[in-house]
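Next up is one chain by itself, shown in structure tokens, the form predicted on its own.
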Amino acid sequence: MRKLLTALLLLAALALGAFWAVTRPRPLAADALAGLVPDAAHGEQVFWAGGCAACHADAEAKGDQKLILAGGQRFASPFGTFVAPNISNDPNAGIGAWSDLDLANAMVRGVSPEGEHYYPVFPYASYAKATLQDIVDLRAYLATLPADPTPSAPHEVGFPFNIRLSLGGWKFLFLDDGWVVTGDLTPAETRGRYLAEALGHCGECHTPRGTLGGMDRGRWFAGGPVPGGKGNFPNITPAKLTWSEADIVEYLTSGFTPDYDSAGGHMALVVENTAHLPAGDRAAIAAYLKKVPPAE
């Protein structure tokens, strides 16, 4: 009996150790940003490419109001309702006190300054592919934006999804910083891939998800149901999106389709972001979309 008890305790200790090894937060090394010099002007382009305002500003904001990142937009899902936090420059309610490394850990590792996992509704599964230089530049630009003292509202997530340590298991399964579309790409297609797969996080909406919420990379951009809502995100692979590259560029600029329709819903907010990008970047995204494998 004593040997059996000892064996059970040993197995329990091993299981606990394995659980901790898999689920513990994994921030970047303390010197990960050494030698990187921030460029706030370039950070503005990263800001628009990353879609920060689309989620963290008021959905009805226009003009300079888009730069007030007080949060508050609500995102329903099968796991609960998530509320975009305040990421303004306020040192208490927002991220004004964050370092460059804090933002880098949040974006590429999904880890908060307190060492906790973020929910993947914050699209770090895509931002994980972003360059650290872009993140340093983004932090410099965010520091120039208005501070807002509005407190962040809590997420409405029940048991067991409110156990943040379990998100380490989700990351173990689904956090992958490899590119989805590979092969012989032109410089423009490579740039478009970076904008669409990393900063623009297009796959977060346009790629179907499994039961645990991970993106099905085998059906990249094939569309799927809106989580916790009605309707579907469209298939934007060449199997369904037959627009010319010029048509795609126009849509990302003005929101108008070749059929004289216009972007609606959250996509209208995305277009407000892409319209700020250099014309070459919008053309690069269009070129990349033509390289995505067709999926029905």
Partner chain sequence: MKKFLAGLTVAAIALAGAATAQDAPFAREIKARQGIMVYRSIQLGVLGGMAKGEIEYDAEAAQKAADNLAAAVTIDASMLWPMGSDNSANPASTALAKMWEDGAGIGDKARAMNEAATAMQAAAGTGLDGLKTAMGPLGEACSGCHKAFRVPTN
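Residue numbers count along the first chain shown, from 1. Only a predicted model underlies this, so the values are computations on that prediction, with no experimental measurement involved.
Below, we refer to the form predicted in complex with the partner chain, which is not included among the displayed structures.
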| query | finding |
| --- | --- |
| The partner chain contact in the predicted bound form: E245, any heavy atom under 4.5 Å | no |
| Close approach of Q65 to the partner chain in the predicted bound form, 4.5 Å, heavy atom | no |
| L36 within 4.5 Å of the partner chain in the predicted bound form, heavy atoms | no |
| Partner contact for D259 in the predicted bound form: the partner chain, 4.5 angstroms, heavy atom | yes |
| Residue (of L28, A40, A239, A59) lying close to the partner chain in the predicted bound form, criterion heavy atoms within 4.5 Å | A59 |
| Contacting member of L212, V226, V83, L185, with respect to the partner chain in the predicted bound form [4.5 Å, heavy atom] | V226 |
| Residues within 4.5 Å of the partner chain in the predicted bound form, restricted to 256 to 289 and counted by heavy atom | F256, T257, D259, Y260, D261, S262, A263, G264, G265, M267, A268, L269, E272 |
